[in-house]
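This document starts with one chain, in the form predicted alone, laid out as structure tokens.
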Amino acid sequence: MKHQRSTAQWREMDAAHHLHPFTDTASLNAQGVRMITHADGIYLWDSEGNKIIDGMAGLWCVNIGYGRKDLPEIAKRQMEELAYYNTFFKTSHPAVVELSHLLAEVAPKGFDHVFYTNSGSESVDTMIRMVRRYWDVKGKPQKKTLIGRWNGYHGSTIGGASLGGMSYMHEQGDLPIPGIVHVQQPWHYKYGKGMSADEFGLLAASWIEDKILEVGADKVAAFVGEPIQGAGGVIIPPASYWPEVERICRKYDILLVADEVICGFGRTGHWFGQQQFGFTPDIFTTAKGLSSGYLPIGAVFVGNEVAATLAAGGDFNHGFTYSGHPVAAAVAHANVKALRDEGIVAAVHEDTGPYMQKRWREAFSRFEHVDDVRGVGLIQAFTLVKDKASQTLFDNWGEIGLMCRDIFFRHGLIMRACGDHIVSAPPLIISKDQIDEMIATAVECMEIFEQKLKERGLA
């Protein structure tokens, strides 16, 4: 598509009218935005013609890659046939029914029911409503408290931001809301020094049990966590963690909820992160990879026992104008079908995921100020450290990370800084040659980064 405006014109218009998410508006307007104009596969192009490797799949979401021809065509056909109708008032439509049937096929056993939203944040808020309603119907209305984790991320709505453990979000808006408490994250590198991974996993799970006993098991409704913390820096818990968390939840009659918004639909090489770590939640939330970001849609997968309980309780007074939107549902159906039938998820598990993890560790473990090199499937990270031997982190958490991220950006590679964690999650269709290209660019950037540390006296 040929564009009629210049980059300068777009920047001026953007600064005049567009308020960006999670942004210092004054600083951005002074600098000017980067205008992305088109994309294909794992690559983006900006308005100046620069080709960029998208090492973050947008915001962890473009699993199927950019530039698919089938998804826009399906959206067009659905718009022509039924552009919109709601799923209220005893009504449904073919697109949402077909999607629901397909999702029940790819979901772990016991998840035959889905509730539709428009985003991960809405999925999380929906889940909160479901969890509390579940216990009402069970005759235990006092079970209302949800336990989240510090440095967890569950979206930016009031409920999701409260349940997440990001203090900078809590500082704006008097959060968290009542009925939400937090425990420490299972970050072995920082909190488990001197312990084996399995020992630390059991210790981190025990913090949940401690919180349950502190609040009172008769008041706790659910524990909620991401299988892998995404925006928290790709914190991968030890193998012992999630099975022990599940045991604790069952012991105290507490619902276990997995936030699969990032891990879901193939990111780890399994369809869902819970399968990677060997646990079974009662509910799990999704969005992002459900449509690979081609249209906004989210879904809450509800375990059969929870769904039956909610159904027995009469009306569930919750929903959205666009719950199960026909165009979004049709595109999501085609996306999920392609992820399955084209072997994309299987390839991450068997081929490109293992290759990425091998190359990632080989490439970055050698750097003086990189440690805790980690990943699974096509989600990976490393942590920038002041001193490897003592596992000492840099002061002013996040400043060094942003400096590193900016070097990547200037060299045509999008990776993300979450504090001083450098993280990556490219489209699942990335090839081995493209992994090599991405790693080579990242290594070059890290060499520049470590030299800059020395020049600034920070090394």
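The first residue of the shown sequence is 1; numbering continues from there. Keep in mind it's a predicted model, so treat the numbers as computed, not measured.
Keep in mind the form predicted in complex with a small molecule is missing from the figure; the text below concerns it.
K.L.:
Of these, I254, I212, V302, A231, which has a heavy atom no more than 4.5 Å from the small molecule in the model of the complex?
P.N.:
Comparing distances to the small molecule in the model of the complex, the residue within 4.5 Å is A231.
K.L.:
Tell me, out of Q380, S121, Q276, Q78, which residue has a non-hydrogen atom within 4.5 angstroms of the small molecule in the model of the complex.
P.N.:
Of the listed residues, the single hit is S121.
K.L.:
Taking G155, D259 and R416 together, does each of them reach the small molecule in the model of the complex with some heavy atom inside 4.5 Å?
P.N.:
Every residue of the candidate spot has a heavy atom within 4.5 Å of the small molecule in the model of the complex.
K.L.:
For the chain shown here without its partner, which stretch in 203-211, 67-75, 259-267, 95-103 has non-hydrogen atoms within 4.5 angstroms of the small molecule in the model of the complex?
P.N.:
Going by heavy atoms within 4.5 Å, the stretch is 259-267.
K.L.:
Might L28 be said to contact the small molecule in the model of the complex, defining contact as any heavy atom within 4.5 Å?
P.N.:
Flag for L28 set to no.
K.L.:
With a 4.5 Å heavy atom cut-off, would you call F408 a contact of the small molecule in the model of the complex?
P.N.:
Heavy-atom contact with the small molecule at 4.5 Å: absent for F408.
K.L.:
Is I36 near the small molecule? Define near as a heavy atom within 4.5 Å, in the model of the complex.
P.N.:
Judged by the heavy-atom cut-off of 4.5 Å, I36 is well away from the small molecule in the model of the complex.
K.L.:
Residue-level question: is D371 within 4.5 Å of the small molecule in the model of the complex, judged on heavy atoms?
P.N.:
No, no contact at 4.5 Å.
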